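What follows is a single chain, given as structure tokens, in the form predicted alone.
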């Protein structure tokens, strides 16, 4: 198989957020590298495969016929999937994982991907209708969703965690939240877990419509912690590494998968092969270090779960 090399640049820009079914824009980015910020790790170089054959995948056949990949993404999650209108460019951990898959399927990530923003509630419909070829966007694998779509991965295992101010040493995990003001989005699973498990007193639970408001309140000292998936929190921390940090151990399990058409087993298996190769050769780690890893929180590649 022949390869042509392609350097994929990660673009830094204004970041916006959606998490747990809610949306909002994050605070303004922190100081740039050199003024107290964190310098970006080197972006990985993807090898774009030629003459890829996947005859048993109807989805791949459609990609080949049109000469392009249609990739479902989020456009408003810091460090994961974000759109910078000043450069008209998508970037983030999820986006780079999706670009890696495109490259290994034989498509140039800089010119042969159409990005389609799909909100959480519409993901199964978009995949099953063929509106997107595959979807990469904090998409938790679970049995209910497997009834409608297929999943490759996981490519990351997230979990509920806590974002606190960088100088706060009093909060080290959920067991230290008593007496602390905890913020999340109204009606979200994370804040309901805080309430159901009695992690802090009811009067200390603070809810807003967006995570923007929660993070602003945290930076202003009005709340002590923000809670949602650690991947999303790491995105915020990567913007302001001198002011914010993610702490403790996660207290839920959210395996993120790449959504594909349910009956396209050939494509699912191929994407799993691509992920396993990226785990083994260090490409996954390079992608993480250049995106979510800027938060200062380490992570290692998960194990693919085939079915």
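Positions refer to the first chain, counted from 1. Here the structure is a predicted model, which means the values were calculated and not measured.
Omitted here: the form predicted in complex with a small molecule. The next part is about that form.
Think of it this way: in the model of the complex, the small molecule has a heavy atom of just one of 95, 232, 183, 101 within 4.5 Å, and the residue is 232. Among the residues 72, 154, 150, 190, the one placing a heavy atom within 4.5 Å of the small molecule in the model of the complex is 190. If you check the small molecule in the model of the complex, you find no heavy atom from any of 224, 245 and 248 within 4.5 Å. Note on the interface: of 107-115, 168-176, 198-206, 132-140, the segment with non-hydrogen atoms within 4.5 angstroms of the small molecule in the model of the complex is 132-140. The closest heavy atom approach of residue 254 to the small molecule in the model of the complex falls within 4.5 Å. Among heavy atoms of residue 89, none comes within 4.5 Å of the small molecule in the model of the complex. Using a 4.5 angstroms limit between non-hydrogen atoms, residue 217 is distant from the small molecule in the model of the complex. At the 4.5 Å threshold, heavy atoms of residue 213 stay clear of the small molecule in the model of the complex, well away from it. In the model of the complex, the Cα atoms of residue 295 and residue 227 sit 3 Å or more farther from each other than they do here.
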